[in-house]
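A lone chain, given as structure tokens: the form predicted alone.
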Amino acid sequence: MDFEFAPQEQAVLKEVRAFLKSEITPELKAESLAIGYCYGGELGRKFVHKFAANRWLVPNWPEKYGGMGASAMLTFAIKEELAYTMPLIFVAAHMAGPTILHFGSEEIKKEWLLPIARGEVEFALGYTEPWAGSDLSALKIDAVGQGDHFLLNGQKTFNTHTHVADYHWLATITDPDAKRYQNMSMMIVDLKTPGITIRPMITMAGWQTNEVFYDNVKVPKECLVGDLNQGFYYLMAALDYERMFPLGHYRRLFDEIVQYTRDTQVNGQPLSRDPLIRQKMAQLSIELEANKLIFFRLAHIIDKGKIPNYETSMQKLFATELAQKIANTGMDVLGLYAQLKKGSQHAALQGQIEHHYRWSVVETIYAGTSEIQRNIMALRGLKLPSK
């Protein structure tokens, strides 16, 4: 098997790297970090508009919907390049958009896919509720049909992008009397609609997620995605796309830890000469390479016309737990200096280790905890019995 990209694909990746090097500024990175790597800040929107103008945001989408008609393999490579330089989370382009492309009517595709591909709009995930986290079939927010609109009432929680996004990619109950999994619909809701209240919740990583309250919110019926009461299946597909986890950001952190071991002298020799540290670095390097292969396997499945399912759980589990290993190893290697935050005159690596030590915990929770990913792999991948 040939793992090399074609010459024209290599040329695109070279252009992407040059663009990222010239356009990503310290101010843009600081804004991105402050809002939890969400796309939606003022500087971030300007950057994404330029980035998307090259059709790099969704390169594997058809040209008529704003893509390049390229392979998912190239798309994943571009995601990894961006994540290495400055991670940004795209709900509309990388989670909701592919679901619309796969399941949406031609009308909804025409309405949403081009603005998404151009980076003009961003969505926020509207899944979790106080009583429905790992089990999303337990949703209670309801949408009652009334003439040409739905009337929505209920609460969402841990909806991270809502304070900077434009629209809510919302899962809601539209037939409370129907059987489980056949009572839910997906909608695209304008977050400026009267009756929506967004209240911040601050995570242990220091960034904002949100509670969202719906109080008699009117949503036009044309905002429905796909068929009525089939939203659970669209939600599952969107989760599969969400669990495709580019690890470029932690690969960069690993590279910086390796460089720190080369530059830092202890007892008259570099840390990199310590056999225990060398073993830790070698193990992480092996696992980073393994994750790369698992990640690009997802792209290969997409290029075959399928949506990866348990395979995305494999990659999400492996990647996020590897991210924790990298952060934890950084704590070991830097010692007490690793606990210092950015701004301290003694903080090594600009306080990144302390930050990622807290941040990496969150990444093993969102999009389904590690325990949920293992259940999916067991039930859907290995076909083990549920009882």
Partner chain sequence: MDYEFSKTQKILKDEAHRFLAKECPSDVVREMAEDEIGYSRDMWQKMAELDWMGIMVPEQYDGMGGSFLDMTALLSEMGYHCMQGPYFATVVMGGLCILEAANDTQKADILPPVCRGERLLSVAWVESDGTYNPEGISMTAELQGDEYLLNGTKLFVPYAHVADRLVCATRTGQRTDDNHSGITLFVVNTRQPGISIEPLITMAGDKQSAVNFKNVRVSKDNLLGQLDQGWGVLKKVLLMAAVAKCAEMIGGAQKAMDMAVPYAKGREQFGRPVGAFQAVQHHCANMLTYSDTLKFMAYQAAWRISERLPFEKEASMCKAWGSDAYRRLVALAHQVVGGMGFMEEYDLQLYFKHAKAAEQVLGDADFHRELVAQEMQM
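Positions refer to the first chain, counted from 1. Keep in mind the model is a prediction, meaning the values are calculated, not measured.
FYI, the form predicted in complex with the partner chain isn't displayed, but the following is about it.
Shown without its partner, this chain lists Leu114, Ile202, Leu228, Ala178 as candidates; in the predicted complex, only Ile202 has a non-hydrogen atom within 4.5 angstroms of the partner chain. Between the partner chain and the residues His300, His149, Arg118, Arg252, the one pair within 4.5 Å by heavy atoms in the predicted complex involves His300. Partner contact region in the predicted complex: 339-347, out of 339-347, 29-37, 60-68, 46-54, criterion any non-hydrogen atom within 4.5 Å of the partner chain. Although the partner is absent from this view, Val164 stays clear of the partner chain in the predicted complex, with no non-hydrogen atom inside 4.5 angstroms. Though the partner is left out of this view, Ala290 does reach within 4.5 Å of the partner chain in the predicted complex, counting heavy atoms only. Using a 4.5 angstroms limit between non-hydrogen atoms, Gly195 is distant from the partner chain in the predicted complex. Contact annotation for Glu15: none of its heavy atoms lies within 4.5 Å of the partner chain in the predicted complex. Scanning 332-371 for heavy atoms within 4.5 Å of the partner chain in the predicted complex gives Asp332, Gly335, Leu336, Tyr337, Ala338, Gln339, Leu340, Lys341, Gly343, Ser344, Gln345, His346, Glu354, Tyr357, Arg358, Trp359, Val361, Val362, Thr364, Ile365, Thr369, Ser370, Glu371 in sequence order.
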